[in-house]
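One chain follows as structure tokens, the form predicted alone.
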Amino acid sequence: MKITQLYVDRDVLDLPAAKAICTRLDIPFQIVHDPKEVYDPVARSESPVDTGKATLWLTRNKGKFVRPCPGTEQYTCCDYTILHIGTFCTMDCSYCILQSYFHPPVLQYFVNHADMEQSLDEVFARRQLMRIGTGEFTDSLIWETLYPYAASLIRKFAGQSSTVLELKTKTVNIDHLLGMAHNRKTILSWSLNTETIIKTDERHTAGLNARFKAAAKSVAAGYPVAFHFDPMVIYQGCENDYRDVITRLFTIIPPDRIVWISLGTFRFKADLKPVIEKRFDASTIVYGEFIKGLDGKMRYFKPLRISFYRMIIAHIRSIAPDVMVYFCMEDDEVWYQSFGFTPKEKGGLPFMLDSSAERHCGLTNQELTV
């Protein structure tokens, strides 16, 4: 992290995480009484996204730490649950929705960890099978060089049997986690893409080989792992490039150690296009064959998506026929035309993913009813 401006809410100054981060950064900080003191300078800057990536606000999560993934009604959702640890990211991916989702985008790290742990205790007490991840509004592991809290979460999840934690990242910040007694209740997962897209559209992320090596270390340490091909970008020669990544993946990682693989093609809201064009002059990802989807996002023309998905799925199945593969936010027609079935025929997508988590992570569903 290259933080040049540090803000700290006045009511979190004495919390352990705030103290530790201020000490580690060792730069002057401004005590915040009103959020406008943080947002206004970022919004007025020449490039709010770039300024926001260098601006850190240590604050309190005043909402729910545990919340359902927003999803959309028009597409099949996996019923994921979010553990809301912070917002925005220091890496710089062209397609990242967070560039236009937050107004303005600012790095926030929630330091009221006692409240987070209480929320998790309430979840665990229900003994309900759940899949929880921290990577919805930020990368799960970018904060580790600043405040290594993932280990605390891994220890906490290791002490129960009904819920699994997924830490999704494009970093390789995992070495300090390898010797932990994780009890298979944490999945370490990586977003993957082709070398072409990583080079042009995923600035400041770990290289593909580095991600594979980190995943291999995780498997050797007994962790379940997962991978997310999302967003996949359709460009000339992409078919061979994605097949190559998939082949390399299964050469390095045994298929039976993979909990799931998600697939999703590039989609974006219209207001993201000018941001990408301005900030990524080498990127061409917004110039494909797009049409507005049911959720208002621009998506590749459906027949084009289906043809592409069929190729990807066929290649995965030729190497790893039993690995759990699913779509992130696609409709029944795309599922049927690509997989030959719809999630409903298999009990629903949440059931499919829960079942895979049960097998790989040793989860038990002992939900308590009141």
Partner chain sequence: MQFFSETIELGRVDLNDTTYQISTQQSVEDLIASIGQVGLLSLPLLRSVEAGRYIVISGFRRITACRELGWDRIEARIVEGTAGDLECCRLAIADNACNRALNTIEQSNAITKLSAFFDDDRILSHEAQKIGLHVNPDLTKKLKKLTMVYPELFGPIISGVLSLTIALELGNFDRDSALIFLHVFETLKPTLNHQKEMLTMAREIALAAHVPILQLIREVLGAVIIDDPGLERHQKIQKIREQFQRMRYPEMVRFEKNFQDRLQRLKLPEAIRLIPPANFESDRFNISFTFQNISQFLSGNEFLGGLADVSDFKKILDKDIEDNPTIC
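Quick caveat, the model's predicted, so the values are computed rather than measured. Positions refer to the first chain, counted from 1.
The next section is about a form of this same protein that is not shown, the form predicted together with the partner chain.
When contacts are defined as a non-hydrogen atom within 4.5 Å, all of Gly293, Arg310 and Asp331 contact the partner chain in the predicted complex. Checking 104 to 112, 169 to 177, 233 to 241, 124 to 132 against the partner chain in the predicted complex, the stretch whose residues place heavy atoms within 4.5 Å of it is 233 to 241.
With the partner removed from view, the residue among Arg67, Arg317, Arg60, Lys302 that has a non-hydrogen atom within 4.5 Å of the partner chain in the predicted complex turns out to be Lys302. Between the options Val38, Val49, Ile306, Val325, the residue in contact with the partner chain in the predicted complex by a heavy atom within 4.5 angstroms is Ile306. When contacts are judged by a 4.5 Å heavy atom cut-off, Cys96 does not count as touching the partner chain in the predicted complex. Remark: Glu277 counts among the residues lining the partner chain in the predicted complex, judged by a heavy atom distance of 4.5 Å or less. In the predicted complex, the partner chain sits within 4.5 Å of a heavy atom of Gly288. Contact annotation for Gln337: at least one heavy atom lies within 4.5 Å of the partner chain in the predicted complex.
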